[in-house]
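Just the one chain here, the form predicted alone, laid out as structure tokens.
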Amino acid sequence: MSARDEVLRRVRTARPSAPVTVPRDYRAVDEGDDLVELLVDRLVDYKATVRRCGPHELAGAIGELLSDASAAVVPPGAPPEWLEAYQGRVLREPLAVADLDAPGVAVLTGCAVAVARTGTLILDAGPDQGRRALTLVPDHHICVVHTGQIVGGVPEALARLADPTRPLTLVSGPSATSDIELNRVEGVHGPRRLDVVVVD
């Protein structure tokens, strides 16, 4: 018997024969704080820029945020009115990675749900979010979040997803990582600029 076979034998022997019940009594709904303010606080702490506006101000806010972008990439399901105030080129999918990585290209998406406690935007490849490469390659990401999409914690966020089998992209600020001594390094991979527009 090889070492591999012995390890697998021990795992099989230790495995319970009956199904295991996993307790699910954690807090599923979190309504304790002002969730919008909490999300904004977390995003700003992660060095994202956050703007709040009403629905009628959204196009103007997006136009200002895209003012230095030579082109804006939008997913197929993004509402056309989002770009009413933008004067640059609008690129539609599908695009090659080289097109997404070109200088001056920004991406504009929605999100599926936002988690206030962690300051996380969850994108699930929905029509207004597009494929993962859209939010991982361009240097500038603008994400539109409606206040009705903000929840307190992760369990409630996952329960809100239309299809939990879709690929998820979790965004909690511009690109950053930490080395072994926990020194933060920004702009290593992914967008170096994250603007979040919260629509009340």
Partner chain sequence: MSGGNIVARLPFPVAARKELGDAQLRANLRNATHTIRDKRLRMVGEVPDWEELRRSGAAIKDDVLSRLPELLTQFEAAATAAGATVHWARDAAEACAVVTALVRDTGTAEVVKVKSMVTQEIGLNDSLEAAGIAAVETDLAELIVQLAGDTPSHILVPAIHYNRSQIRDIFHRNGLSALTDDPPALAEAARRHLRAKFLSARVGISGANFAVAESGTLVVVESEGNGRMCLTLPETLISVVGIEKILPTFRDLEVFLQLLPRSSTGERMNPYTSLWTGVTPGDGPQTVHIVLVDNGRTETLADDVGRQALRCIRCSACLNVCPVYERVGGHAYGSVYPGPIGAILSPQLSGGGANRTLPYASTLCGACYDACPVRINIPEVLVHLRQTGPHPPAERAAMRALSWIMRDRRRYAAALRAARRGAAPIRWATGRRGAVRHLPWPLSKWTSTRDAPLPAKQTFREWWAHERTR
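Fair warning: this is a prediction, and the values are worked out from it, not measured in the lab. Residue numbers count along the first chain shown, from 1. By rigid core we mean the largest C-alpha set that fits within 1.5 Å across both forms.
Omitted here: the form predicted in complex with the partner chain. The next part is about that form.
Among heavy atoms of Val151, none comes within 4.5 Å of the partner chain in the predicted complex.
When contacts are judged by a 4.5 Å heavy atom cut-off, Val145 does not count as touching the partner chain in the predicted complex. Residue contact with the partner chain in the predicted complex: Asp101 places a heavy atom within 4.5 Å of it. The closest heavy atom approach of Glu57 to the partner chain in the predicted complex falls outside 4.5 Å. Within 4.5 angstroms of the partner chain in the predicted complex, the stretch 61 to 99 places a non-hydrogen atom from Val97 alone. Fitting the two forms on the rigid core leaves the C-alpha of His189 displaced by under 2 angstroms between this form and the one not shown.
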